[in-house]
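First, one chain by itself in structure tokens, the form predicted alone.
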């Protein structure tokens, strides 16, 4: 066997192998690697988007929590104001009711006072008439007259 012929045969078979590999195998491998590279790049981009979405969601959550706190504080303030308004309303209603009751009580006292005066006037008139009657029934005696007046005045 000739060494040169073997070497030439091996070079030709190697060249065919390289050609076959470059023509049929190499494009498949390149396509697989490119697909894998694209998939990895897409995964990394999705991970970056996910990270950004997580940051945005966290920021939005913080904003919503702050907004909720402010809203709750506003509701508490409104409730406090409304409570103060109701308290002031109740106070003014109580004052007006107290004034009305005082006015009614004063009117009742005045009415009872007038009625008591009328009753007292009637009794005084009756006693005066009774005293005058007793004076007229007796003889006109100064001592008897003074005793009757003292008796009538003690009854008043």
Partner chain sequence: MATAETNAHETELTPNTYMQHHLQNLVLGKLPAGYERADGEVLEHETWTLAHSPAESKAMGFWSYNIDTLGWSIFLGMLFCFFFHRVARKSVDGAPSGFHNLIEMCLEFVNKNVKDAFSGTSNVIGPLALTVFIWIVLMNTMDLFPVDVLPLVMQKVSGNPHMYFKVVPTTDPNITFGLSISVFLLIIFYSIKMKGIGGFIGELTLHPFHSKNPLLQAVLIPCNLALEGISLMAKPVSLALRLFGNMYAGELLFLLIAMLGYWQLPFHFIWAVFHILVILLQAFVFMMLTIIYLSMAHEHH
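On a predicted model such as this, the values are computed, not experimentally measured, just so you know. Numbering follows the first chain given and starts at 1.
Just so it is clear, the following notes concern the form predicted together with its partner chain, a form of the same protein that is not shown.
Of the candidate stretches 64 to 72, 25 to 33, 125 to 133, 49 to 57, only 25 to 33 has residues whose heavy atoms lie within 4.5 Å of its partner chain in the model of the complex.
Although the partner is absent here, residue 146 is not a contact residue: none of its heavy atoms lies within 4.5 angstroms of its partner chain in the model of the complex. Not displayed here, its partner chain is kept clear of residue 100 by more than 4.5 Å at the level of heavy atoms in the model of the complex. When its partner chain is considered in the model of the complex, residue 150 lies well away from it, no heavy atom lying within 4.5 Å.
In the model of the complex, no heavy atom of residue 111 sits within 4.5 Å of its partner chain.
Taking its partner chain as it sits in the model of the complex, the stretch 3 to 36 comes within 4.5 angstroms of it through a non-hydrogen atom at 3, 4, 5, 6, 7, 8, 9, 10, 11, 13, 14, 17, 18, 20, 21, 22, 24, 25, 26, 28, 29, 30, 32, 33, 36.
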